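We begin with a single chain expressed as structure tokens, specifically the form predicted on its own.
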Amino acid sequence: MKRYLLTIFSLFTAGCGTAIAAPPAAATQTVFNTPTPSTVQVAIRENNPNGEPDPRGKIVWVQTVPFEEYCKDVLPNEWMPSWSPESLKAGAMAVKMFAWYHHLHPITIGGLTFDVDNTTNFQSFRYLSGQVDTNQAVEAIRPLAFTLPSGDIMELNYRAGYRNNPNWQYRNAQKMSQWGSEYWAQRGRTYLQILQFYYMDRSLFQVP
């Protein structure tokens, strides 16, 4: 796949007798100048009475998780591992880009700084819950990113949607339907075609 290169040059000067260099503007974070994260900071919240992580629960600690491991431990909890390979690869890309974006925009609550938590506030994360088929999907899209044509790193949002339905309503909202991804995969769509159906005006890039 063609490797895209982007180089931006800027020069800042100011006068009043002596030239003073203005501080450089913060570079836009793109797939061209921002490496894939090596780790993700995951806030672990208390469980509810049913033993599930509570989105409103207290943050107990922040866990540092290797980035790919995080994606592998999210995908089987957001997509059904038994779904078609192309659906799983579309899901893997959504999980990856969502995590990448939030890694670049950490938040602090109660003195603890983190990228995401382990609940549906962000993505459902269960440590070491990866499955063979979902792990393969994450590995398949490892060298790729799917984002704006400019390369700006943006999250890919998704919702469950309706079973056995293309879920057109999410296309209009720039969100992928999890059930919709399986609907299209069963009808022969590739993961890229599935992504392009739900996320309009986005592009696939190869990343280091």
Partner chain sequence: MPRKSHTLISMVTALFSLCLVCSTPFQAAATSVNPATPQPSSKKSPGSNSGTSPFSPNVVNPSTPAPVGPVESGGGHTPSPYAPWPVGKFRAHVIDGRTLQPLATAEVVIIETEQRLRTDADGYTPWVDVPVLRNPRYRPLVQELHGQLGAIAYKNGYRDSIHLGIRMHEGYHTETTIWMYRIGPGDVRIEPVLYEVPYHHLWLVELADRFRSKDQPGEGAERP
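Remember, it's a predicted structure, so these values are computed and weren't measured experimentally. Numbering follows the first chain given and starts at 1.
What follows is about the form predicted together with the partner chain, which we do not show.
By the 4.5 Å heavy atom rule, the three marked residues 29, 37 and 60 all fail to count as contacting the partner chain in the model of the complex. Residue contact check for residue 147: none of its heavy atoms lie within 4.5 Å of the partner chain in the model of the complex. Of the heavy atoms in residue 170, some are within 4.5 Å of the partner chain in the model of the complex. Taking non-hydrogen atoms only, residue 161 approaches the partner chain to within 4.5 angstroms in the model of the complex. At the 4.5 Å threshold, heavy atoms of residue 78 reach the partner chain in the model of the complex.
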